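The chain below stands alone and is given as structure tokens, in the form predicted on its own.
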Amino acid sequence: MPSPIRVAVTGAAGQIGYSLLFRIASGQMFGPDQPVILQLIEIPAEPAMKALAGVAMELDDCAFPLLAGIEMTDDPAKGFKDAEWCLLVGSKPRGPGMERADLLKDNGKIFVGQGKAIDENAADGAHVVVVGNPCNTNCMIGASQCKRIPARNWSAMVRLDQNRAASQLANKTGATVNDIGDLFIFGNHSPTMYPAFGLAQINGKPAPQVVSDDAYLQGEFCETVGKRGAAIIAARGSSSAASAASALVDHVRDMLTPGAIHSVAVQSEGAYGFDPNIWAGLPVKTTTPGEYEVVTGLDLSDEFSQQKLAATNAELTGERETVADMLG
């Protein structure tokens, strides 16, 4: 077997972390022959670290052949030491009455610190995936603190939105998710994001042709995908956990699979009219493990697509202005 890779996970004792860690340790993220050392990071508070110890006990009790070690800490410098993949799951949740701007500023402080700790301690060429919301802008903040780890190694997760969109189209048409292709998420991981149904295929046919209901696609479909997280909170009393963990497994696995084409939030560099300095959901093609290129030239020239792209770009640029004082 190859040498173990070091994988740092923040918020490791939270609900997403609890759903995620066992899948990493079992080989679902990095492959069935790749040993891992889990570097688990939590906040410096007794309840969190005590819960983390319990999670580690359960990981031990699973006797995963690929789990080569578990390290636990509340110190980001130690947690990110020599990490090759940094999965930033933890963030402050939005509380009752909290404005999005307040959430951006509170979480921004966290990601300033984590960005610096990663740049100072992670392995050369480390890859960072941000899950904690608002993930696009948190990713931008973290990447801005780095001098050694390049910005293109920082991505944010919109794969959950892609998975949600595929499920909705499958349910609507009687297809399976395996029948859905070329379905990509553009923009922010928020209700403004655009699941570009006009590009999608269902069993090799254009999705609009199969669905044959433009009002549904432009209305209920986009709204359901964009507000799915809120609907889950209303239904189960807490935010998406297992589905978010599953999407993160998909995100990293496809980032390691040459030829995979999938939705990832990366620095846009002006693609599809986005501000070049924001992190926006875009279709990317993995070229070599951990490296990618943005898929360009897709036709989004119709009026509806242009309106949706403009709206999510405006939200992302507005978020950048809100946290401008935190950008390194």
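Because the structure is a prediction, the values reported are computed rather than measured. Numbering starts at 1 and follows the sequence shown.
Just so you know, the form predicted in complex with a small molecule exists too; it's not on screen, but the next bit is about it.
- In summary, among the residues V284, I37, V55, A48, the only one with a non-hydrogen atom within 4.5 Å of the small molecule in the predicted complex is A48.
- For the candidate set A122, L183, A207, V89, a heavy atom within 4.5 Å of the small molecule in the predicted complex is found for exactly one residue, namely V89.
- None of 6 to 14, 300 to 308, 21 to 29, 316 to 324 except one has non-hydrogen atoms within 4.5 angstroms of the small molecule in the predicted complex; the exception is 6 to 14.
- By the criterion of a heavy atom within 4.5 Å, G226 is excluded from the residues contacting the small molecule in the predicted complex.
- Although the partner is absent here, A68 sits far enough away that none of its heavy atoms falls within 4.5 Å of the small molecule in the predicted complex.
- Under a 4.5 angstroms non-hydrogen atom cutoff, the small molecule in the predicted complex has I41 among its neighbouring residues.
- Of the heavy atoms in N153, none are within 4.5 Å of the small molecule in the predicted complex.
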